[in-house]
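The data below hold one chain only, encoded as structure tokens and taken in the form predicted on its own.
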Amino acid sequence: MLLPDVETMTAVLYFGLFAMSFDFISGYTGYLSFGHAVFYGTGAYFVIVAANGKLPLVPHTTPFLLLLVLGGLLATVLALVIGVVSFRLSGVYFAMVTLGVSQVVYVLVRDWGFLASNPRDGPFVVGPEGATAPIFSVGVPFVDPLNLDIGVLTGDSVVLGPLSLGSTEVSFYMVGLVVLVCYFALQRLVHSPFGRVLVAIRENEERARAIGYDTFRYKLAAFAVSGFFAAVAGGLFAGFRRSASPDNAFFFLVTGDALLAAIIGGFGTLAGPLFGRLLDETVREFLSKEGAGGGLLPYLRDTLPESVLTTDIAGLTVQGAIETFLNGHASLYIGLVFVAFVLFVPGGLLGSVRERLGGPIAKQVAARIRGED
């Protein structure tokens, strides 16, 4: 089976939402936010610090979905502050300002002892001193029977007739439910008059300004919306992993991974980054060192006969070549895939399919079913 395991697929979902939020501002307005990780990290840290009872007015027993919303609102405020400064610039200068702010926040978080006992390792969900660590549930707040716990080791298991779902599978579906709701909300915004103005800004900002739109306010609002959903993605990450660190939440390469997913999936397609992230994780798992999802390396080790593995080619055995070129080099091949997409598939996976069909996939499929094409 080529697809990653369920735990990795859960990571695809919440990081895919982060990549979507990145695409919402960068793909629909044309402004590359290289510091988007600051919102992802804000959501992740807010959930954990609140669960540890360190935030005033936010009890550690606050429902998880409410924590996601509050973390999103905090990121929204942060996005407005950053956006007021950075949107006075454009192009590479905008990208550099957002990157610079992100790195400042990264260094601040990495050395701030209030957030964790060892801030360089990041906080863990341990709960307030003397209290039990909270379990995060996805469902309707204050309606217990509808809540299902998520988490690698703390999630619920469900038995529905012949169907038995373990804690990882339940987490996958619950995280997927939140991501789906967020996707529909972003999709609604993209197809609203607000979203049309964003596209107009991307195509020709001077013309959009000339016909009367206050482009600065539209860009600022889009940045705030993007920050909100990036924080929700970060909160899901923290809720599932029950920990976060400066390096996997605030570091600028986290934004780089979102950019990679957006380019592979298709800039300005919203759902494309999710498919881009899925391809990224699939290739990584397929070429992974352990091959937990049925990787190429253990497959070759197990299936090639000993006579082939020991064959010497220019001073290097087949076994040695496999270990040299496949063992631990997944990132190298991901980089080659990235370059190939930039050169030969500039529209990305979803963008190319849309171009071939002549429009959004759902509309084209519906039109063909109705016999209109």
Partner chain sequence: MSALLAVLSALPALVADLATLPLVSYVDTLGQFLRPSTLVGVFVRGLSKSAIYVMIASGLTLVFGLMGVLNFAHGSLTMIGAYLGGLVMVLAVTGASGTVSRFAFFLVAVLLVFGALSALGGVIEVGLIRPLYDRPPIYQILLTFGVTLVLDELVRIVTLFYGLQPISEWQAALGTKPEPLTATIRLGSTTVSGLALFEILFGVVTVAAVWAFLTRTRYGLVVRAGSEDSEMTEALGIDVRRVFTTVFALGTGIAGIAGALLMWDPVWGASVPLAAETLLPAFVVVIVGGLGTFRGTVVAALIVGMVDAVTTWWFVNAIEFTGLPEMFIFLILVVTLVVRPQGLFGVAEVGGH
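Values in this document were obtained by computation on a predicted structure and should not be read as measured data. Positions refer to the first chain, counted from 1.
Another form, the form predicted together with the partner chain, is not on view; read the next lines as being about it.
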Tell me, yes or no, whether Ile313 is in contact with the partner chain in the predicted bound form, where a contact means a heavy atom of each within 4.5 Å. no
Any chance Val308 has a heavy atom within 4.5 Å of the partner chain in the predicted bound form? no
Report yes if any heavy atom of Ala210 sits within 4.5 Å of a heavy atom of the partner chain in the predicted bound form; otherwise report no. no
When the contact criterion is heavy atoms within 4.5 Å, does Leu180 count as touching the partner chain in the predicted bound form? no
Counting heavy atoms only and using a 4.5 Å cut-off, do Pro56, Phe252 and Pro346 all touch the partner chain in the predicted bound form? yes
Considering non-hydrogen atoms and a 4.5 Å limit, which listed residue (Leu99, Leu287, Leu278, Val170) is close to the partner chain in the predicted bound form? Leu99
Proximity to the partner chain in the predicted bound form, single hit among Arg120, Arg188, Arg217, Arg196 (heavy atom within 4.5 Å): Arg120
Can you tell me which of 64-72, 36-44, 300-308, 326-334 lies within 4.5 Å of the partner chain in the predicted bound form, counting heavy atoms only? 326-334
What residues, if any, in 72-92 have a non-hydrogen atom within 4.5 angstroms of the partner chain in the predicted bound form? Val85, Arg88, Leu89, Ser90, Val92
